[in-house]
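Take a look at this single chain in structure tokens; it is the form predicted on its own.
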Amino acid sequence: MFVEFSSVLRATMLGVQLGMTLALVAAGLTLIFGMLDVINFAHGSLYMMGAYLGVTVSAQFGSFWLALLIAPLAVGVIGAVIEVFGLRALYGRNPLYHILLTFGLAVMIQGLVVEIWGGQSLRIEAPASLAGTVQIGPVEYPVYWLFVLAVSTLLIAAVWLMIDRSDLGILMRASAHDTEMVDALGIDVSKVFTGVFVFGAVLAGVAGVLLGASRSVNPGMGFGVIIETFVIVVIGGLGSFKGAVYAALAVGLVTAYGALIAPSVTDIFLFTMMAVVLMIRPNGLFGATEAA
């Protein structure tokens, strides 16, 4: 099947943009697992809440920018409630408890979304300043998608620098690896864990708002994105931020190329890629010998 160069270029740009946005969701999930040792099945629901709260704020105040500010912060508050009143009592226990609790929360949040916003598809109105397209070679590319790519890339780079180069990143890693020593230094590890969970929730909320203006906002979007996110985390390696970013880019590109070549079997491409990686590297690309 012949595919025009312009279509391939457009798919590549879309794949990179989608990958970097999914990296925001996957980064939060992998940070929570790497620091707290919690597999958070409700992470997709936090992404969904970001989108729905973005719809509400945007409709109420007529401002996409206000939605991009307020909705992720509100999702962070929801994340704090989940961590403090749900997960905190389960640290150190069998991971099955974390899975059951977060899966149950995901189902509950989806039900609340249907009750509050209904089951119809909604959308966040993108600002007029980001309307239109720009010419990139032979491709007319939406300005909004370039904005999403720029914001996602800047946020991922900032988080990466924070983890690797800042005192806060050192504290986060120390709290994950030796909680007793950090406690002995007079630092409240429980607050560090809450901060990590809230930060991961805020990243998911940002992704929800950004994609809510280019994708439909519906009650099933949380479960849809959590599947993509777990594929990313498994490919990159559990707990590896670097792996999550690289794997998110790969998943974004495979999704875009799959939609171009054979839209009906895109999921098969994703799971095939995951299976091949796991056969070669059972712990993921960066999960065994190289931790981020």
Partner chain sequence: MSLLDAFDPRETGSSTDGILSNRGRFGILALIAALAVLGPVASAVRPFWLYLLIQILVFALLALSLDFVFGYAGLLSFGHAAMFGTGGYAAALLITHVTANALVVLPAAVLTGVVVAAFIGWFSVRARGIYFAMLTLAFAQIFYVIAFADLPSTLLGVETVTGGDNGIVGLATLETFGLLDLSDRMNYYFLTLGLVALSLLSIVRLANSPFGRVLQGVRENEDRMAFIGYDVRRYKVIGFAISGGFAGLAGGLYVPFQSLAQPQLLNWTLSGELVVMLLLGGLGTLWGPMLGAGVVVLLEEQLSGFAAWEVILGSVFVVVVIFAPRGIAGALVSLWEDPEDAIGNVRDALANYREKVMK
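Positions refer to the first chain, counted from 1. Here the structure is a predicted model, which means the values were calculated and not measured. Superpose the two forms; the largest set of C-alphas matching within 1.5 Å is the rigid core.
Form predicted together with its partner chain: not shown, discussed below.
This chain lacks the partner; the member of 68, 256, 226, 250 within 4.5 angstroms of its partner chain in the predicted complex by a non-hydrogen atom is 226.
Note on contacts: among 139, 143, 107, 73, the single residue with a heavy atom within 4.5 Å of its partner chain in the predicted complex is 107. The candidate spot formed by 99, 230 and 283 lies fully in contact with its partner chain in the predicted complex, as each residue has a heavy atom within 4.5 Å of it. At least one heavy atom of residue 91 is located within 4.5 Å of its partner chain in the predicted complex. Using a 4.5 Å cutoff between non-hydrogen atoms, residue 31 does not count as a contact of its partner chain in the predicted complex. Its partner chain in the predicted complex is not approached by residue 119, whose heavy atoms all lie more than 4.5 angstroms from it.
Taking the partner from the other structure, its partner chain in the predicted complex has no heavy atom within 4.5 Å of any heavy atom of residue 167.
Heavy atoms within 4.5 Å of its partner chain in the predicted complex map, among the stretches 127-135, 149-157, 198-206, 79-87, onto 79-87 alone.
Using a 4.5 Å cut-off on any heavy atom, the residues of 35-58 that reach its partner chain in the predicted complex are, in sequence order, 37, 39, 41.
After superposing the rigid core, the Cα of residue 176 is displaced by 2 Å or more between the shown form and the other one.
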